[in-house]
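As a starting point, one isolated chain is supplied in structure tokens, in the form predicted on its own.
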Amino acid sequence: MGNLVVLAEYLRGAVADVTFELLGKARELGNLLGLSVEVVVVSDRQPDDVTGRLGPADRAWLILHPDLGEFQPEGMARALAAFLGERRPRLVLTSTTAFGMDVAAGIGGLLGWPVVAYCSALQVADRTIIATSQVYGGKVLVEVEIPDEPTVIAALPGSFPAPVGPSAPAAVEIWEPAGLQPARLRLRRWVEPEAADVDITRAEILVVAGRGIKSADNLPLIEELARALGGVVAASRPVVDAGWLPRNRQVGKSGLTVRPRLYLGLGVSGAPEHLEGMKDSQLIVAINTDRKAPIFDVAHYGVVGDIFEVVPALIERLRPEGH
């Protein structure tokens, strides 16, 4: 067992961002353990200029089969299990997404390999790989020593930074599965979600409304502060569940992972699911009346106060002179 394998999430001609996060972590682990890094792309044809962007890997594999052109978890799991079973890598890294969870479970079941799901951290201690996994919806973190046998890791998106800067393209080899059985499940069509009015994952400044804003009637005040800062409004899950803001504005494990330059939380308590989606923000500022709110555990600066007193004062301070 001399390598680490990353399963690329390649769908509809694009590689998902989480693949590059996994490659970065695999490269780090490989350097510490003296292991090579390989990446696997599953497709029905040779993708154009995809493998050239997977440079953190030492080698790229293309698993090609005419029945694997669309997301097909059963067929993909069988093809990947056949490929991985021949090589017995030290670790197989995939993501805790619809793609990754389907494929990870299939590989683990077919090969009898352990699967560590909802992984948020991977580290090496005395050449032993230790995974941190979330259980009970992120309320409990469990450290697991990975056995010295092939293991599948399904990591949470946003847990690892993606590599920065160019790197040498990986060498590419093609592997074609033989005798792949026809799948019982077929993809009929893609249903696209409604286009988001704003992409909070790309915003450099986020003003995040929590349960503490009390009512949708108070959103104009939050929006005014966001405009004054040159940012956009996002929300915690209670605000979205109440219907005050759309789902594409939700930060957290069941929403979107964000890393803005400034995260300003207004009345956000800081549930574990929310913290998972914003803990890597460059600067975290929290305003809450509850001095014991978990959000203060990750905030760089905190204000114990009423947002309906603090926010108007901030807006006034941010206004240009004479306005």
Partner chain sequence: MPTDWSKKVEKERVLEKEVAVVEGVELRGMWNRMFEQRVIWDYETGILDQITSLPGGESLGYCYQCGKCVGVCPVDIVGNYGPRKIYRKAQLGTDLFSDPDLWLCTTCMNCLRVCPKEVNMVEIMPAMRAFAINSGRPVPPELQKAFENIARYGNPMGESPRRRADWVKTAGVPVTVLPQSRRPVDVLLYVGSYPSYHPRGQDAARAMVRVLDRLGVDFGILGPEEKEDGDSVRMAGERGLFEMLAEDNIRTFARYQFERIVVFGPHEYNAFVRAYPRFAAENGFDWSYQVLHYTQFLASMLDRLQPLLVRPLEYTVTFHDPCYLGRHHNEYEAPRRLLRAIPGLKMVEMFRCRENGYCCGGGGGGMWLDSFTSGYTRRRLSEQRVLEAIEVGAEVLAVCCPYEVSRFEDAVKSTGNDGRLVVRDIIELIAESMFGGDTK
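Small disclaimer: the values here were computed from a predicted structure and weren't measured. Numbering follows the first chain given and starts at 1. Throughout, rigid core stands for the largest set of C-alpha atoms superposing within 1.5 Å between the two forms.
Another form exists, predicted together with its partner chain; not displayed. Remarks below refer to it.
Asks: Just to confirm the contact call: exactly one of 86-94, 234-242, 214-222, 172-180 touches its partner chain in the predicted bound form at a 4.5 Å heavy atom cutoff, so which is it?
Replies: In short, 234-242.
Asks: Would you classify K279 as touching its partner chain in the predicted bound form, given a 4.5 Å non-hydrogen atom cut-off?
Replies: Taking the distances in the predicted bound form, the answer for K279 is yes, it comes within 4.5 Å of its partner chain.
Asks: Does P272 reach its partner chain in the predicted bound form, with heavy atoms at most 4.5 Å apart?
Replies: Looking in the predicted bound form, residue contacts with its partner chain include P272, since a heavy atom lies within 4.5 Å.
Asks: Going by a heavy atom distance of 4.5 Å, is G255 a contact of its partner chain in the predicted bound form?
Replies: G255: yes, in contact with its partner chain in the predicted bound form.
Asks: For K279, is the C-alpha shift between the shown form and the other one 2 Å or more after core superposition?
Replies: Yes, K279 moves 2 Å or more.
Asks: Taking the rigid core as the reference frame, is the Cα of R259 displaced by 2 Å or more between the shown form and the other one?
Replies: Comparing forms between the shown form and the other one, the R259 CA shifts at least 2 Å.
Asks: If we fit on the core, is the Cα of G212 displaced 2 Å or more between the shown form and the other one?
Replies: Comparing the forms between the shown form and the other one, which are aligned on their rigid core, G212 does shift its C-alpha by 2 Å or more.
Asks: Taking the shown form as the reference, report whether the CA atoms of L7 and R259 lie closer or farther apart in the predicted bound form; the distance changes by 3 angstroms or more.
Replies: Pair moves farther apart in the predicted bound form.
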